[in-house]
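One protein chain, two forms: both are listed below as structure tokens, the first as structure 1 and the second as structure 2.
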Structure 1
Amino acid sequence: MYHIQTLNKISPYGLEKFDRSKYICGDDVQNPDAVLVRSASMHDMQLGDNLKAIARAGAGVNNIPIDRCSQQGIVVFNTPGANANAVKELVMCGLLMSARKVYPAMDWVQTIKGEGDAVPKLVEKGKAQFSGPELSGKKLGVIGLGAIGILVANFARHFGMQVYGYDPYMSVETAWKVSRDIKHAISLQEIYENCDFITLHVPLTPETKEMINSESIKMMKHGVRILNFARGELVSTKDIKDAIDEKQVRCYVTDFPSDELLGHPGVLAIPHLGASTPESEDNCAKMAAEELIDYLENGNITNSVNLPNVIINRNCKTRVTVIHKNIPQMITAIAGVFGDCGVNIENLTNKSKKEYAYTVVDTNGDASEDAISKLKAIDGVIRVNIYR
């Protein structure tokens, strides 16, 4: 039996992928083979020796101790694009709310309840304080043109916005999806200096942490509106509050409220609802469950953030997979163990991702305990798994 621990509420649509004759799933599962998680922080968690994989049903993996996982040979998956449409739709709502004062206006209109027949007149009188600009003709800067950024950039053109996109790491495959009307910004400065609205769609990394700070805000247009549906730590809380107080920033829409931001005028705080639609919860859970199942049962890796993607049909009696450091002589050493044990290799695949690599060996022979011990003893080998 495989044991799957869930750390957040995971859509049943994903959980039902696990065949109950082979899998036990639940939040009380001990010593799991794999963990299914959304945003719960795993940084302070012990990662047991039996743990082989973690699947993040979602995009951001900053809640997972990736380095520790790699060192322990734990494969970390996420579900690229599975919640992108949900986020895009809420970003569009955020754009409209940052321009038109819908939220304070709706609050205000409730205050005239009880005024009887005077309500229509009071509405007409009171509405003047809530006028706000149109999006059409304004410039939108999209920072990060991944699954979400591209959808946001392409959609914003339908609001009549002029869109600038910035992503120095964009893949060719991704570039094909960007509408040709989107201006390719070659620097962040170009976005900051030109755009009336700026929306962030980058992962939280040491490079992007607090990328919005007093220095970057200084370069922006007076009265800029900033949207953050990516991660709270991308924006310096102190600097954004100061910039709002100085009217340099007109509005900050964030899906990641903190105590200091709540109640601050000019901040529109949303309780991390970007991916909270039944459709995206289902998509993410299904994709995450399928990734775990194919890894646990076949050793195939799809959408891992710390190991290379390796998907090979299984048509041999035995598969041995090795997670190891990406250093010279590893393939020779691994193949040598099979040779020494008299086992013929039918297929050997090796792929690497940064400091780590993954080797899959398929054979019609058997992998003896002796062979497995020898593989584990190779310097640089982190984990060996056998699939029969």
Structure 2
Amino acid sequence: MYHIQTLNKISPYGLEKFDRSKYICGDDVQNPDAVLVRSASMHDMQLGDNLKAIARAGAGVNNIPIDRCSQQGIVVFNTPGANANAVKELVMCGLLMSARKVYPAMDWVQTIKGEGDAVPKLVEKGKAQFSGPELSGKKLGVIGLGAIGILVANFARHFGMQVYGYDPYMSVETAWKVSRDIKHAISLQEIYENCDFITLHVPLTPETKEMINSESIKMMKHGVRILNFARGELVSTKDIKDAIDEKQVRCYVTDFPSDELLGHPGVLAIPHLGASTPESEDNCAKMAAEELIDYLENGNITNSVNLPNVIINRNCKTRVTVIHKNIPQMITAIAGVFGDCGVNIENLTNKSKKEYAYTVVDTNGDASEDAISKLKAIDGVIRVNIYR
């Protein structure tokens, strides 16, 4: 039996993926083989020797100690794209709110409550202060063409917008999903200089942290509207506030409120609602469960943040997987163990991701305890798993 510990309330659409004849799931499970988590922080948790995988039902993994997991040979999964449609829809809402001043207008109209028959006249008199431009014909810059960015870029065309897309790391598979009407920007500067609206859809890395700052804002069109539904730290709080005060930025829409931003004129703060839909929670839970099942039963890795993707059909009697450091001579050493033990290798696949690598060995023979012990003894090997 596999033991799955849940650290948050997980959608039943995900939990039902686990065959009850093979899996025990619950928040009281001890010494789990895998953990299924949403927002609970795991940084102070003890990671048991039996723990093989953690699946985050969502995209961000800042609540999981990635480095510690990698050092212990624990595969960390996330669910990119499962909440993409939910976030896309809120971005579209953000575009409209940033242009048409919907939120301040709705806030103002409440102030004339109690005016009785005078309300219609007061509405007509006061509405002029909330006029704003249409989206049709305006230029939208989409920075990051991942699962969400692509949906935003393609959908914005239906608003009649001219869309610029920038993503230097876009894969061929991803490129097929981008509408031919999207203009491929060759640099961020091209986005900054041309676009009336800019929306961010990139991960938070040392390179992207505070990528929207005083220097980048200076390159933007006067009166630009900026949307951030990716990560709050992509935008410098001080610099965006200064730019709004100076009218260089007309509006900043963010799904990541902070005390410094709340109440600042020109900031539309949303309480992190991007993925807060029942459909999104269902999709994330199902994808996370499927990732765990395929890894625990077959050793396949899909959507891991700390190890490479490796998906191979199982056609042999025994599969041995090895998580190890990405250093020279590892494949030779691993294959040598099987040769020394008289086991013929039917298939061997090795892939790496930064300083870690994953090797999958399929054989029609059996992996003896002696072979497994020798594999574990190889310098640089972190974890060995057997699938029979």
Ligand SMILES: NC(=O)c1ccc[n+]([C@@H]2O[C@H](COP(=O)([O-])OP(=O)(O)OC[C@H]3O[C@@H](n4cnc5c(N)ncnc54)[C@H](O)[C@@H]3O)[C@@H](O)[C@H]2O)c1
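In this text, rigid core is short for the largest set of C-alphas that superpose within 1.5 Å between two forms. Model, not experiment: these values are computed from the prediction. One-based numbering along structure 1's sequence throughout.
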- Message: Given these two structures of one chain, say which is the form predicted in complex with this ligand.
- Response: 1
- Looking at the change between structure 1 and structure 2, work out which of A118, G223, N31, E279 is at the hinge joining the two rigid parts. E279
- Query: Rotation (°) of the smaller rigid part relative to the larger between structure 1 and structure 2?
  - Reply: 15
- Note on the structure: In Å, the rigid core superposition gives a C-alpha shift for A335 between structure 1 and structure 2 of 3.5
- By how many angstrom does R319 shift at its CA between structure 1 and structure 2 when the core is held fixed? 4.0
